[in-house]
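Starting off, we have a lone chain in the form predicted on its own, written out as structure tokens.
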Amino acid sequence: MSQIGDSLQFLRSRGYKVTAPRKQVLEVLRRSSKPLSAYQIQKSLPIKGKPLNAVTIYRILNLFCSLNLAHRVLSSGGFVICTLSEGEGCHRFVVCRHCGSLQEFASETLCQEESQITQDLGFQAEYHLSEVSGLCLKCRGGQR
């Protein structure tokens, strides 16, 4: 099944309706290799019937983020579709500061270490956010 199909099936399994606006936003996120704001998503949507307003898009994005179907990228404030499965650990990003390309990865070990640190500080973590900014291989001229 496609990534979009899997996401739509996941929505249904959680009791959410699969609406045309939700499908459209998922499709725009899937096609993009860079984080997109709600307004960029709005501009990328096909003009069919009544256009989606930014408030509706933000509501959809908030739902997707709460279900880990999408993530907000801290450095840009944009949103990306989740490319990993739920069971792979806390999801993280490396973001190229030059071209804006993004790669998602997961590390169960990193997640456990962060949880232990927060517990040692008397804090109960509910959600982990992390990203690394730098230069991708392409922007470094292919040098490792």
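No experiment lies behind these values; they were computed from the predicted model shown. Only the largest set of C-alpha atoms that superpose within 1.5 Å between the two forms is called the rigid core. All residue numbers refer to positions in the sequence shown, first residue = 1.
Form predicted together with another copy of the chain: not shown, discussed below.
ask   = Should R97 be counted as a contact of another copy of the chain in the predicted complex, where contact means heavy atoms within 4.5 Å?
value = Yes, R97 is a contact residue.
inquiry  = in the predicted complex, is there a heavy atom of another copy of the chain that lies within 4.5 Å of any heavy atom of Q103, even though the partner is absent here?
reply    = Yes, contact at 4.5 Å.
message = Quick check on H91: any heavy atom within 4.5 Å of another copy of the chain in the predicted complex?
response = Residue-level check for H91: no, no contact with another copy of the chain.
message = Please tell me whether any heavy atom belonging to L135 falls inside 4.5 Å of a heavy atom of another copy of the chain, as the geometry stands in the predicted complex.
response = Output for L135 is yes: heavy atoms within 4.5 Å of another copy of the chain.
query = Among 22-30, 37-45, 104-112, 55-63, which stretch has residues whose heavy atoms lie within 4.5 Å of another copy of the chain in the predicted complex?
reply = Selected range: 104-112.
key: Within 4.5 Å of another copy of the chain in the predicted complex: residues from 119-136 (heavy atom criterion)   = Residues within 4.5 Å: L121, G122, F123, Q124, A125, E126, Y127, H128, L129, S130, E131, V132, S133, G134, L135, C136.
ask   = When the two forms are laid on each other by their rigid core, does Q124 show a Cα shift of 2 Å or more between this form and the one not shown?
value = Yes, Q124 moves 2 Å or more.
key: Yes/no, L110 Cα shift of 2 Å or more between this form and the one not shown with rigid core fixed   = Yes, the C-alpha position differs by at least 2 Å between this form and the one not shown.
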